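Only one chain is included here, represented as structure tokens and corresponding to the form predicted alone.
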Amino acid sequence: MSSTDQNSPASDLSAPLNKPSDADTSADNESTTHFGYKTIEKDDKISMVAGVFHSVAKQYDVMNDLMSFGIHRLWKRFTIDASGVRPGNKVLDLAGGTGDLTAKFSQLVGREGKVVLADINSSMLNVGRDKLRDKGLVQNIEYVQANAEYLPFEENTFDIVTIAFGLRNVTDKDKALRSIYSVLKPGGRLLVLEFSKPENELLNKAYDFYSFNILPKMGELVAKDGASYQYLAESIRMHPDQETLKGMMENAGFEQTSFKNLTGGVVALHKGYKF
């Protein structure tokens, strides 16, 4: 895994042949949004994304290891290390899915701390809860089914909020970032771990080939659902690039925003503070 600070705009990268034009992606009028490369009504996106994750929940961990060749564990470890979590902290693991980050946070915050594993998808939340309970992690973890755009927590509640591989599935990302900002304590920090735009053109082309030719077939073979992994590949390409997401965080109120590219920009970790 490589990690580099980024303080200048990411290089322009060529898009996959099937990607909508910039005119199509620049967004989405007031009533429509994107589901992968498809333009849909905003009101339909939550249920369509839910269908994807209901379908893949049971094989989610297995597919993560296969898709990333296990490197997702290093990305998540890097996120934990960058969080600055301390004993007694209160942490929100948003879109926490099967609980990889929650498991480690639970150990680090200790008995006096608390971790809330929140996910909009009940199937993912159930898989995560069962996995963590099987590991004996029960004392300082709560489970909440929640929409990132409308977090059901009081203002100034959490020391740390993380959202790993979930922001790209949110319908209104700006609204979600504002909601996260609200529930953070002053001095708290947000960490967004998400697929992003590779820095190198050769890597970008190889990544496109893998994503659109190998990944759906792998999903069909292992999870019996190639369509959901086609959506995964498309949703990554529709997600804002590194500098755009950094700007969105600043517009939501975050300060001292930064990002680090991991694995050549295939993934990026964004960080911002609430002061």
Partner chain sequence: MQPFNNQAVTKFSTQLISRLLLPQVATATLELIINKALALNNNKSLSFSAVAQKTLTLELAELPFTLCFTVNTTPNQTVVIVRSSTECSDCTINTSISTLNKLKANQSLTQLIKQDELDVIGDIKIAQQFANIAQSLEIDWQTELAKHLGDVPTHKLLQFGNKITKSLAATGKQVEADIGEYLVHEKRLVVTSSQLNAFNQKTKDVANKVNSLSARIDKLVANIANK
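Numbering follows the first chain given and starts at 1. Given the structure is predicted, the values throughout are model-derived calculations rather than measurements.
The discussion below concerns the form predicted in complex with its partner chain, not included here.
- By the 4.5 Å heavy atom rule, the three marked residues 151, 173 and 178 all fail to count as contacting its partner chain in the predicted bound form.
- Only one of 100, 159, 194, 199 comes within 4.5 Å of its partner chain in the predicted bound form through a heavy atom, and that residue is 199.
- Checking 183, 141, 164, 109 for any heavy atom within 4.5 Å of its partner chain in the predicted bound form turns up a single hit: 109.
- With its partner chain omitted here, the record of contacts in the predicted bound form names 75-83 of 151-159, 164-172, 75-83, 117-125, defined by a heavy atom within 4.5 Å.
- Contact annotation: residue 104 falls within 4.5 Å of its partner chain in the predicted bound form, judged by heavy atom distances.
- Of the heavy atoms in residue 189, some are within 4.5 Å of its partner chain in the predicted bound form.
- Its partner chain is not drawn, but in the predicted bound form it has no heavy atom within 4.5 Å of residue 252.
- At least one heavy atom of residue 262 is located within 4.5 Å of its partner chain in the predicted bound form.
- Residues are counted as partner-facing when one of their heavy atoms sits within 4.5 Å of its partner chain in the predicted bound form; in 126-141 these are 135, 136, 139, in sequence order.
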